[in-house]
Structure formats: structure tokens, C-alpha cells
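Given next, in C-alpha cells, is a single chain: the form predicted alone.
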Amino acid sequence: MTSSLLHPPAHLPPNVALQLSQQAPTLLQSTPSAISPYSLSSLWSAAESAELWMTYENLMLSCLRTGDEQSAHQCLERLTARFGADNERLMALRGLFQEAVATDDAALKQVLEEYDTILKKDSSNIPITKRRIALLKSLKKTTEAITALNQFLDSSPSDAEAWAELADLYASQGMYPQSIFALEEVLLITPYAWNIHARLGEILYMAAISGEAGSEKYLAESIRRFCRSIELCDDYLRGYYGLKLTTARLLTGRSQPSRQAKSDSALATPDSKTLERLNETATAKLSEIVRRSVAGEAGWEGFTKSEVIAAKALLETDAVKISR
């Protein structure tokens, strides 16, 4: 079996997910269609393994991404036969399948009602709770999704994924202070997550340019977060992109700090010389990433194409300003 099936397919590039789904008929034929959970022989069977069930689950999700509903349904049925329809994880996977095959919002609302029915019987069903929140988001019921996430976090405050999702929902509504708070909660749980440090830097930057009071404080903290992200991951493109953007804004004087912002700021804004050095460092690293990624050099292929294009555009814009 391909090793890609042992990783969550949401993290796989679309072309890899497509390749996996195309292999689905062959994989399903070469693996057992059913294994009894109560068969003594299954205890010594090589086919009965955690990797097998992980393969079925990830293959199902890859097939749903590419529209192969028939293969996805076969995977779901095999998992259900093994673990039972009352298994909480299987209930969530079945709900996800129903969401994927739904043809309109009316069908999705029917799935939402099914989630509500399940939660009335067992409010502690975490997989269904999360699927319900995801479906509320899909149906553009953002306020209800935020309320549901806050209720979930009251009982599960250490769920970093839920805090990150809440931060994104707050940001989508322009509620930047609330989004910042949620991301800070994520970092209390995962302090070395460089992507979250960079995401927090992005939200702080968005708060600064949105007209929120204390823009200087937000920009100073944004620089600090971007620096931390690249300290933890030396080749993190988004960290360098954000650092260049933030330092450039301060250097060009687009953000004029008020006296109130200065007095309230717990973190002093770096001086011009430091800002220039940080901007130069970010520019040099972004240039290297773009050059080596575009050239397809070994070890530089993992960058998202859209992010490389954005970095290139930022560098070109900066070059035009300098030439003028």
C-alpha cells in the first residue's frame, strides 16, 4: 500500500489525492472486504492492523475529494462492518459522506438535523459536535458556528484545533481582538507551532491596518510573531513574507503611532536600523526561496505554488518602488 494513505489526505496535494483515488478500485480488490471483530483467527491475521483501517479511512476521504463516491462508500461500509454503526468516529465519517454527496443546501440542512438528533441523545459525542460546527460554517451560519465552538471549548479548553478554527471564524468577521485571543490560546497548547506564530502575526497585521486602536502595538507584536515563526522554521515562507510586509509598512511611515498607542504598548517598536535589517533579511530569504523553488532544486519543492507566486509578486513590487 502506498505510504500516502497513512497520512491525513487533507494535507496531501490535489494531484496526490487524485492519484490515490484512481488507485481505489485496485486497492479495494486487494484488501479484505470484511474482518469480524469477534473472530479469533483475525487476531493472528496479518490483514487485521491499524494501518489497514487507516488506509480505508484516508482512501475514503481522498475519494470524496475527487468525486469517487462509489469507492468512498465501499470504504465506509468496510469500516462500519468492522467497528459498528454506533462507533463515534464512524458516525462522523458517515455524516461527512452524506455532506459530500448532498446536492443542495436543503440536503445539508437535513444532515444538520441528524447531527442535532444524535447530540440530543449524547451531547458528549465530540466527532459529531465537530462535524456539526464544520457544517454550520459551510452553510454560512458563522454566528451559530462561533457560538457552538465557544460552547465546545468550555468543556474542551485544550483542543488547539478548535481554538484555531474559532480564530479563523472571528477573523472572517473582522473581530481581530477575539481572533488574536483565540490564537494565543492555541500557542499556550502548542508553543512551538511556527505556522500559528505566523498566523497570529498575520491577524495582528490585519488588525493594525483595519483602523483598530493601538495599531503601533499590533505591528510591533506582529514583527515579534513573524520573527518567532522563522526562528522555529528557518525556511517558512509565510513568516518571511509577513516580516517583509510588516517592516516595510513601518519603514514607509504608513502607520502613524498615536501617543495613546505608545503608552499602552508593552512592546517597543524596533528602531529604523533594526527594521531595515529585518526587511533585508526577509527579502534575501524570500528571493532564495522563490529562485530555488521555481528552479525545482532538490529540497525546495515543498512550497505551495500560490505562496511562491505571492512572494515573487511582493519582491517585484518592492523592486519597482526602489527603481522609482
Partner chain sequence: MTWISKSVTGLGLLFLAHACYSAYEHSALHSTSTASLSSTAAHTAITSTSSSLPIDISIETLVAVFTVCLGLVLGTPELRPIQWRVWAGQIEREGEAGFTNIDGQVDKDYVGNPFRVLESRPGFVDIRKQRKEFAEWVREGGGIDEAKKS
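The model shown is predicted, which means the values in this text are computed figures rather than measured ones. Numbering follows the first chain given and starts at 1. Each form is matched to the other, and the largest set of C-alpha atoms that superpose within 1.5 Å is called the rigid core.
The following text describes the form predicted in complex with its partner chain, which does not appear among the structures shown.
Residue heavy atoms within 4.5 Å of its partner chain in the predicted complex occur in exactly one stretch of 187-195, 171-179, 78-86, 117-125, and that stretch is 187-195. For the options 251, 213, 107, 100, the one in contact with its partner chain in the predicted complex, meaning a heavy atom within 4.5 Å, is 100.
Site residues 56, 111 and 308 are none of them in contact with its partner chain in the predicted complex, judged by any heavy atom within 4.5 Å. Under a 4.5 angstroms non-hydrogen atom cutoff, its partner chain in the predicted complex has residue 130 among its neighbouring residues. Using a 4.5 angstroms limit between non-hydrogen atoms, residue 235 touches its partner chain in the predicted complex. Residue contact with its partner chain in the predicted complex: residue 66 places a heavy atom within 4.5 Å of it. Under a 4.5 angstroms non-hydrogen atom cutoff, its partner chain in the predicted complex lacks residue 209 among its neighbouring residues. Within 4.5 angstroms of its partner chain in the predicted complex, the stretch 161-176 places a non-hydrogen atom from each of 161, 162, 164, 165, 168, taken in sequence order. Annotation: Cα of residue 22 displaced by less than 2 Å between this form and the one not shown, core superposition.
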